[in-house]
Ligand SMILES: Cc1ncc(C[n+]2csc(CCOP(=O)(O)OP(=O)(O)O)c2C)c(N)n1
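In the block that follows, a single chain appears as structure tokens, in the form predicted alone.
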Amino acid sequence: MPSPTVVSPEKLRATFRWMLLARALEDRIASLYRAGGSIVGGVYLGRGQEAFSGALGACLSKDDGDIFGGLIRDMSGRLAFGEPLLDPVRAYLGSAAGPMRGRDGNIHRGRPQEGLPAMISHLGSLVSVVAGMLLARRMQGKQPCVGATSIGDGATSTGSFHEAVNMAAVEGLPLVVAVANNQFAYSTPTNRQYACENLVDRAHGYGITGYVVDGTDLQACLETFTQAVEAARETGKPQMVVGKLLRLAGHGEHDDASYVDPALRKEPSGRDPIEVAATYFDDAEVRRWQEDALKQVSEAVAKAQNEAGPDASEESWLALASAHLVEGQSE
């Protein structure tokens, strides 16, 4: 593995603030969900994964044409990559002004033309989507860029994951696969999922570079993802980063996570990444940033709550194939 990369204080600070914003937003969404009536669809929180996800998003560049395929626990990564705060708020509240115009599930939102493909619930599938986007850009002769996607340990057991990573390795695509090993595939523990000593061993099996990182430590995550993204950009070859952490909530807000051994929460992987990252900063600074995050979330929720949902009588939706693959086509 390459030697550690130095992360600037500015990047550390900026990424931590995205983590705080993601936590504040998801806490508010969870509260609205439990209150009933206003949330469209289920709620899946990234609590415990903010450092791992946020670091990946912060190490990519929309200006360079990079691609980020986020999964259900990637709120901080999406925000760090450049997703507007109003996009997830509008998607959760069913606003017609949102990216999916109130038509699809809140976690399936995306802006493909801006490097944010919509998430696919069939886990593992997004690896092939991002790999396909990279291959398409190469065939079109467009500027080389890095594509990244985040998956969980459970998704590494799917056929989609194996096929896509193998294809990316054979084709030599600058793909970064972030594996959030949160130790459970829904309720199935890792010792019932795979027999290898560490998931990073799978990277070696495909002939690609693998990294292991403490997924609760923001600075470590930023250092590792900086290396992985730079390596993908310079070599044009896939990289895999495995972060060990623990999902600090149920699979979704409908799940009480009673199957998680309480002892796991006392292990290093069970640390809250927000609390770990806060130790890098002054307490007063952290409180100001938390207050600012709450203010931004409150303003976004208030705006989206006053926006109309989709109106079936005025709907002009067409399947992409019949709209000549142009988003926004109204004919």
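Throughout, we count residues from 1 along the sequence that is shown. Remember, it's a predicted structure, so these values are computed and weren't measured experimentally.
There is another form of this protein, the form predicted together with the named molecule, and it is not shown here; the text below is about that form.
- Proximity to the named molecule in the predicted complex, taken as heavy atoms within 4.5 Å, picks out 65 to 73 from the listed stretches 279 to 287, 28 to 36, 65 to 73, 301 to 309.
- Residue contact check for residue 186: one or more of its heavy atoms lie within 4.5 Å of the named molecule in the predicted complex.
- The closest non-hydrogen atom of residue 208 lies beyond 4.5 Å of the named molecule in the predicted complex.
- Put simply, residue 235 is far from the named molecule in the predicted complex: not one heavy atom of it is within 4.5 Å.
- Residue 244 falls outside the set of residues with a heavy atom inside 4.5 Å of the named molecule in the predicted complex.
- Taking 110, 174, 154, 88 one by one, only a single residue has any non-hydrogen atom within 4.5 Å of the named molecule in the predicted complex, and it is 154.
- Contact with the named molecule in the predicted complex, defined as a heavy atom within 4.5 Å, holds for exactly one of 123, 200, 129, 260, namely 123.
- Looking at 248 to 262, the one residue that comes within 4.5 Å of the named molecule in the predicted complex, counting any heavy atom, is 251.
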